[in-house]
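Take a look at this single chain, the form predicted on its own, given in structure tokens.
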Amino acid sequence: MSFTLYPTDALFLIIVASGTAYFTYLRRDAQLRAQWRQVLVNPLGASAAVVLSLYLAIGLCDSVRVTRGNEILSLLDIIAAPLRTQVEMTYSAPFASTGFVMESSYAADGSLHRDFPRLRYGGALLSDPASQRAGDLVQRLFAGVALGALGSGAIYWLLGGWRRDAGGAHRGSLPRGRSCWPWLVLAGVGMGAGVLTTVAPYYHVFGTDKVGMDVLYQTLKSIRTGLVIGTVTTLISLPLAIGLGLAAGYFRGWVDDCVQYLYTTLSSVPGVLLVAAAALSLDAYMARHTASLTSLEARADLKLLGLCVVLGATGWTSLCRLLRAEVLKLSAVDFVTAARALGVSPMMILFRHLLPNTLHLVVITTVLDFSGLVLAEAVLTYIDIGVDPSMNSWGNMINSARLDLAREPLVWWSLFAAFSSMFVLVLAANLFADVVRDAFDPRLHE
């Protein structure tokens, strides 16, 4: 067994490590620490942070891969092995124990009749699903709630929810000034995870698709794709936006003219056309270099990286424009004039004085753009210029659900699973972005 690292895995892990280093740096900066404390004290901000942490944990588990035999598996594949291996013949509804489509079969007396076949895995432990399924689901539901409550309580204790004073007495279950909503959301998330742990190995919670794959497993695997699109694209666009925006606002002159010409030209070209051209070029490249792509996973990962590069190379213009305007204003402030008079080098002024005073714009814009990038993946994949069809993503799930919605009876659970999981992520990101904006924007404090 050996570890396998794809390019997007490496970039995603670098981003997570950078975020960890950033929050470690907060210990030495009292102002930043106070701003982030304001975010976490807010009920909406802390609750959204809990949901985003759950998505991030799932994405991390799906980004750590090991080679076992002839297959490459992520930690999520190993943890969710029952969901990955329990493949039915075709469609089945959520929590069903029989197939969704009637099939013809011969009875013992040779007569032909049509009936819904029993599933191979869904509800297979029941001898009489019609009378036993409800009771079995209720038992597993209560067991999952108890397991989730126990896990949430352990996390609550590790995070310091139960505190004692110097004499050993409890000071209260919640720190002063904080809301109980984050802990309630944590308890809800933990109970939901506990229910899935006790129910999903024995029932298809979100049903199965046309080829019998578990839809819940596809939904969990799609989380990594959405997070990679949102974070790796940001990693690519941030250096361009920060470097060019600071240079244009501080140096002015021909540097400012060149930067303005560059981002104005990029903004004038429709982004869909650029992504489509880049996708077609990448497909042509992979067709000529098939020998270097050892597997379908490597091909899909390369196409995902190409999509991130294109979105990152074209998505830096708005932040660059904001930083340029802010630096134009700050460069005339007294502390910058004094630093220039004392002979401080331009690079030191840019990164020691101007960049820290524009970080609130960087943080706010980055968090706001994350949800837009997640939605962009779904839209681009829906029109066949996004990620590879073999990769699990919400866009591919929605794209395949088009045909499912045309069936009679209606197959709705694939679209519902993709939409609900993407909706929760985008909603949590938007709520978190609003709270971050309120905490970091100095104009609101004024």
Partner chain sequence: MTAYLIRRLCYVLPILIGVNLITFVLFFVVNSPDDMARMHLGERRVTQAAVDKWKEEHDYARPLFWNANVDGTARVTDTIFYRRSIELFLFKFGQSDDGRDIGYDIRQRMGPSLAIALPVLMVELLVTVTLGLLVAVLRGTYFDRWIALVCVALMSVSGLFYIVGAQYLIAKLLRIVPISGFTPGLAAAKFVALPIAVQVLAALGANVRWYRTVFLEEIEKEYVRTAWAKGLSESAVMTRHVLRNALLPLITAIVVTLPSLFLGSLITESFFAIPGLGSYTIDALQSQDFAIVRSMVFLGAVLYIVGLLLTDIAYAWADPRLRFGEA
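Residue numbers count along the first chain shown, from 1. Note that the structure is predicted; figures quoted are calculated from it, not measured. Heads up, when I say rigid core I mean the largest set of C-alphas that superpose within 1.5 Å between the two forms.
Although it is not shown, the form predicted together with its partner chain is what the next lines describe.
- Only one of the listed residues (Pro82, Gly135, Gly253, Pro270) places a non-hydrogen atom within 4.5 angstroms of its partner chain in the predicted complex, and that residue is Pro270.
- A heavy atom within 4.5 Å of its partner chain in the predicted complex is found for one listed residue only; from Leu359, Val333, Leu280, Ala146, this is Leu280.
- Looking at its partner chain in the predicted complex, residues Leu13, Asp29 and Leu186 place no heavy atom within 4.5 Å of it.
- Not displayed here, its partner chain is approached by Tyr285 to within 4.5 Å at the level of heavy atoms in the predicted complex.
- With a 4.5 Å cutoff on heavy atoms, Tyr261 counts as touching its partner chain in the predicted complex.
- Its partner chain in the predicted complex comes within 4.5 Å of no heavy atom belonging to Leu54.
- Though the partner is left out of this view, Leu427 does reach within 4.5 Å of its partner chain in the predicted complex, counting heavy atoms only.
- For its partner chain in the predicted complex, the listed stretch (197-205, 324-332, 372-380, 123-131) containing residues with heavy atoms inside 4.5 Å is 372-380.
- With contact defined as any non-hydrogen atom lying within 4.5 angstroms of its partner chain in the predicted complex, the contacting residues in 423-437 are Phe423, Val426, Leu427, Asn430, Leu431, Asp434, Arg437, given in sequence order.
- After superposition on the rigid core, the Cα of Thr85 moves by less than 2 Å between the shown form and the other one.
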